[in-house]
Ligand code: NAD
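Presented below, as structure tokens, is a lone chain in the form predicted alone.
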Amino acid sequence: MTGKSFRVAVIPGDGIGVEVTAQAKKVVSATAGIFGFSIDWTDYPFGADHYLSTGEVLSESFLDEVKGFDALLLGAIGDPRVKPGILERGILLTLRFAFDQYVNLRPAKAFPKVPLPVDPGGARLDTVVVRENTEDFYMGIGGVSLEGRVEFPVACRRAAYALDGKVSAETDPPVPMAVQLGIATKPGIERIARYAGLLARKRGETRVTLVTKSNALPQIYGFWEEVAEAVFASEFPGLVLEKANVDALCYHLVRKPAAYGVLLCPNMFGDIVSDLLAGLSGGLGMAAGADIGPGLSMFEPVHGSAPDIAGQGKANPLAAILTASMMLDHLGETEAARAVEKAVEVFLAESPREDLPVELGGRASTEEVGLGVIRWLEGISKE
């Protein structure tokens, strides 16, 4: 019984985000009652409906206000009525960069009765992607020209540095062209490599796999390898840092999904590899995720807003519930976090097929799945 109280901001967002977030909140509130802490929830309306009615993606006061919270729980962002990128960049990327959420953490686990597309060969799939979340080709620095000459400013702010400059390039003869810059810095690589090493030690791993492509992109990913190797050599003796080209890694993951523990990834490769692992571990309805930084951290399941099934009670809330478990662990409520994950496992293992989510071949509604997890959670707490 910790007796602590936590303030959590919530953006349910769009589509099924509203439905699955409601169940995640119920599970967390039930867990808090069992383990003797409390959660003060504050909901925010940001998403497609808010944008279409007000023209506002995030309010001017939100970023300052949310600094005072212990965590942010996010449902899903995206709606076919809004041009792609407006909400995603205006909410997701704004929050990631504003709060220096440099870790994107994506676990991929096999759960009971969740069909896997590839047999892991007797081993249990339990892999986690540690993705650098603020650099690489996702910084939005680039330009397009139809006249064969590109000029654009280079300007961004990160916790460890400010980047300023100008890029100019032209073709002869003029041809339409596009330029996108990927940036990697020593402090950016060091801190994500350090996070991966600490996580590997916590998990009892003997190695970390760095996902790279230095044979084709030697400047940016060769630099990545050099900096990461130096961190492991000086700070993690006995923990092996192995390297795998991203294309070869994807090949091996499909053949042997359970062969890896901690995958350390630059931003772009982490985005791709974590989605592959989500598919290999049973689908987006089981895929939890977190954006972690030194200040406010954000917890969001991997799935999208799925507008085609929104409001029908068919959405699988387990990814959102597992995401909430990650949030509890981040808040220091480790025992409670483990209890939530165990409740999900027991719910899946012990429930008859018809009581499982629709995505897993059952007939249970989103709310019924949430209530089922809570029942098992309460039973586990009495053991």
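For clarity, every value in this text was computed on a predicted model and none was experimentally measured. Numbering starts at 1 and follows the sequence shown.
One more form of this protein exists, namely the form predicted in complex with the named molecule; it is left out here, but the text below deals with it.
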Completion exercise
For the named molecule in the predicted complex, the stretch among 139-147, 86-94, 251-259, 187-195 with residues bearing a heavy atom within 4.5 Å is 86-94
Handout entry: Listed residue that, although the named molecule is not shown, lies within 4.5 Å of it in the predicted complex (heavy atoms), from 77, 288, 277, 210
Key = 77
Handout entry: The unique member of 231, 244, 183, 302 whose heavy atoms fall within 4.5 Å of the named molecule in the predicted complex
Key = 302
Problem - residue 369 within 4.5 Å of the named molecule in the predicted complex, heavy atoms - result: no
Problem - Residue contact check: residue 98 to the named molecule in the predicted complex, 4.5 Å heavy atom - result: no
Exercise for the section: Decide whether residue 24 counts as a contact residue for the named molecule in the predicted complex under a heavy atom distance cut-off of 4.5 Å. Expected result: no
Handout entry: 4.5 Å heavy atom contact, residue 306 to the named molecule in the predicted complex
Key = yes
Handout entry: Any residue of 355-375 that, in the predicted complex, places a heavy atom within 4.5 Å of the named molecule
Key = 359
